[in-house]
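Single chain ahead, by itself, as structure tokens, in the form predicted on its own.
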């Protein structure tokens, strides 16, 4: 019994040695405290030049700025898939259509209520503008349009640009791009449209 008590006391003594307060009591600076060590008197040190927070390294210039070598990129730096276009359509309708309209003609609801009309995406100048320009405008704003960098993530901004290009193509797609097995259908649609317009003029 005495041996057991002695062993227990020894064990507690050893355990007590392991509970030292060195880590707790070591010299350290607390936030916003003064320092006599640094010449500027501040305990909190500025970040080393070039420091980048984890997850925010934007080394792909084209992806994050829409530019390459100072010029707007002409190709979307993401794989343009059906999913990307669907995402672009959804985001376009939420953030862009109130001003630009669902088809990009600049006839959105706020325009119908008296606000300034934006330029149609279907004018020659914008149909020929590089995709990087549209990404830059969404990111940084332009004229009366505010920037959407905080509301729309980078990939979604490119998705919007991709969808915008489909809107432009929908109005100016060359007939040569129509698959051969669909050209008859196109011709029939154009003839029906001509007949409808002619009937309207007759009234």
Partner chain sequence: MSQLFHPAANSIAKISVVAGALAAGLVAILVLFVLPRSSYVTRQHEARVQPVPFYHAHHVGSMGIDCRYCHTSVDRSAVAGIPPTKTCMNCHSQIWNQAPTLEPVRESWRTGQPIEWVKVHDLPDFVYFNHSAHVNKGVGCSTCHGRVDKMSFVWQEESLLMEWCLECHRQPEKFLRPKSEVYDITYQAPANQLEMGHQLVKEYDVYPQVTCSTCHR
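Positions refer to the first chain, counted from 1. Please read all numbers here as calculations on a predicted model, not as lab measurements.
Although not depicted, the form predicted together with the partner chain is the subject of the following passage.
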Based on heavy atom distances of 4.5 Å or less, which listed stretch (158-166, 171-179, 28-36, 56-64) is in contact with the partner chain in the predicted bound form?
28-36
40, 144 and 151: each with a heavy atom within 4.5 Å of the partner chain in the predicted bound form?
yes
Residue 105: touches the partner chain in the predicted bound form, heavy atom cutoff 4.5 angstroms:
no
My question is simply whether residue 72 lines the interface with the partner chain in the predicted bound form - judged by any non-hydrogen atom within 4.5 Å.
no
Residue-level contact is defined here as any heavy atom of the residue lying within 4.5 Å of the partner chain in the predicted bound form; does residue 116 satisfy this criterion?
yes
Taking heavy atoms only, is residue 126 within 4.5 angstroms of the partner chain in the predicted bound form?
no
Are there residues in 50-87 with a heavy atom within 4.5 Å of the partner chain in the predicted bound form, and which are they, in order?
87
